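The chain that follows stands alone, in the form predicted on its own, written as structure tokens.
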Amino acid sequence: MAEYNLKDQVSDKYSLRGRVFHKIREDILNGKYKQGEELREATIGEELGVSRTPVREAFRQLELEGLLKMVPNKGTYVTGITQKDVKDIYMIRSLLEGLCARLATENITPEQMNEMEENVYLSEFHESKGHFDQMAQLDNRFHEILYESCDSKMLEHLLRDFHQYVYRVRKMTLSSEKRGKASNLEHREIMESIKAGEADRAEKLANLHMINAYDNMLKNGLIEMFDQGNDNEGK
């Protein structure tokens, strides 16, 4: 019997099919399944405690996202996120997060503003103590608050997906003392611009924040963790 029974976690938020999809996608993005690795419907279904049908449907959806490749008469293989994908994600995010920050200056609620300020203060505290795990969690939450504050469900959905795609490498970038401190400063400047209602400045700073994050990945060779295993894809 499978230890992880996904049926026990079904809620109104997602159908069983949706939960299977999100679980497999999370495992791909978190590195559980490596690039080029073959995934089998029966094995995944047994691990998740579901039949092969929702797994097959999840595979099809993940192929549309570019995370899997289904090869006729051979199998289904993990494509994952490539170096080019990461570059594209950050370039797109830089534009979308800028737009998000601009909209947030118009739509952020007092409660969201208070939470964003508290997030910045806590991030600076944990950075001073070298608490990198807490910094990663707070970094995630800062961007979630920003997305929620823009009051656009379509933009929020897009940004949450992009944010998740590069979670592994983002967590590693914050373990750098220099980048962690710089990232916190950038968050503070974005927050202060939104609070002051300076839409142009908030947009520019949020855009630059993403570009700086990507440049830091290149500088520290973190981009090289992607594409590993692609040479074996489909073999």
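Values in this document were obtained by computation on a predicted structure and should not be read as measured data. One-based numbering along the sequence shown.
Omitted here: the form predicted together with the DNA. The next part is about that form.
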Quiz prompt | Heavy atom of residue 40 within 4.5 Å of the DNA in the predicted bound form | solution = yes
Quiz item: residue 180 near the DNA in the predicted bound form, any heavy atom under 4.5 Å?
Solution: no
Self-check item: Partner proximity in the predicted bound form: residue 71 to the DNA, non-hydrogen atom cutoff 4.5 Å
Solution: yes
Quiz item: Taking 4.5 angstroms as the cut-off for heavy atoms, does residue 56 touch the DNA in the predicted bound form?
Solution: yes
Self-check item: Stretch in contact in the predicted bound form with the DNA, which is absent here, among 48-56, 202-210, 29-37, 189-197 (heavy atoms within 4.5 Å)
Solution: 48-56
Practice problem: Using the arrangement in the predicted bound form, list in sequence order the residues of 75-89 with any heavy atom within 4.5 angstroms of the DNA. | Solution: 75
